[in-house]
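Take a look at this single chain, the form predicted alone, given in structure tokens.
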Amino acid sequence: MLKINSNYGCILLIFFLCFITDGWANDEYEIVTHSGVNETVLSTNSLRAIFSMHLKSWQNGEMIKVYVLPDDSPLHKKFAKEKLNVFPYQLRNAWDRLVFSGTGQAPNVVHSSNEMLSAVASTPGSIGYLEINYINDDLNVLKIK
């Protein structure tokens, strides 16, 4: 019969629980906008155009201000793959081409979900993405179809 040292067993259990819950932390997220943005539904193509920095204004003419997390953020990776169907490095390459060619700019990078919440909630016309536990009444949640 295999005996495991109780300290070793506890360490394994803690490691296992941390590994599992890390994957759950970003499972549910939404695309959010500033509360003043009138759109409630966006097509996947429009979402891609916004985050590739090609669609620059909302239907009412208000400029879109795009916020993203750093390229290596687990939520950014998940968002890029699931919602935009691209890898984060492909987004970065597209943004870099716009910047280096002088034809556009990259989105604004925030370094945490708290910063994302603050930036989108306080910037008219803004869009970003957040885990659902950060979403409050200062934001609109977009439905993507």
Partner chain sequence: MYLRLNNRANCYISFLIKFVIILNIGVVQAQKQDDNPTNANIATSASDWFDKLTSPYNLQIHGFASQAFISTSDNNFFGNTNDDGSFGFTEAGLNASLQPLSRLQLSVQVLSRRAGHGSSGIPRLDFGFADYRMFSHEANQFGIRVGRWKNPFGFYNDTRDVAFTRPSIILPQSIYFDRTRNIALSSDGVQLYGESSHSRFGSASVQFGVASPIVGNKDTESSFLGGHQEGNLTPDVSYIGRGLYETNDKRIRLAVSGIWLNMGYDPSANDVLESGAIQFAPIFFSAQYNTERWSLTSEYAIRHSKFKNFNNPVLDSLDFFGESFYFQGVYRFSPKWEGVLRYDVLFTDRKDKSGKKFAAASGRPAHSRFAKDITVGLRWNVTHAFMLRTEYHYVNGTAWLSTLDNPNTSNTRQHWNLFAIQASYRF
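Residue numbers count along the first chain shown, from 1. Nothing here was measured: the structure is a model prediction, and the numbers come from that model.
Keep in mind that the form predicted together with the partner chain is not shown, yet the notes after this line are about it.
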property: Proximity to the partner chain in the predicted complex, single hit among 35, 59, 40, 114 (heavy atom within 4.5 Å); result: 59
property: Non-hydrogen atom within 4.5 Å of the partner chain in the predicted complex for each of 63, 81 and 105; result: yes
property: Residue 86, heavy atom within 4.5 angstroms of the partner chain in the predicted complex; result: yes
property: 4.5 Å heavy atom contact, residue 31 and the partner chain in the predicted complex; result: no
property: Residue 45: touches the partner chain in the predicted complex, heavy atom cutoff 4.5 angstroms; result: yes
property: Proximity of residue 119 to the partner chain in the predicted complex, heavy atoms at 4.5 Å; result: no
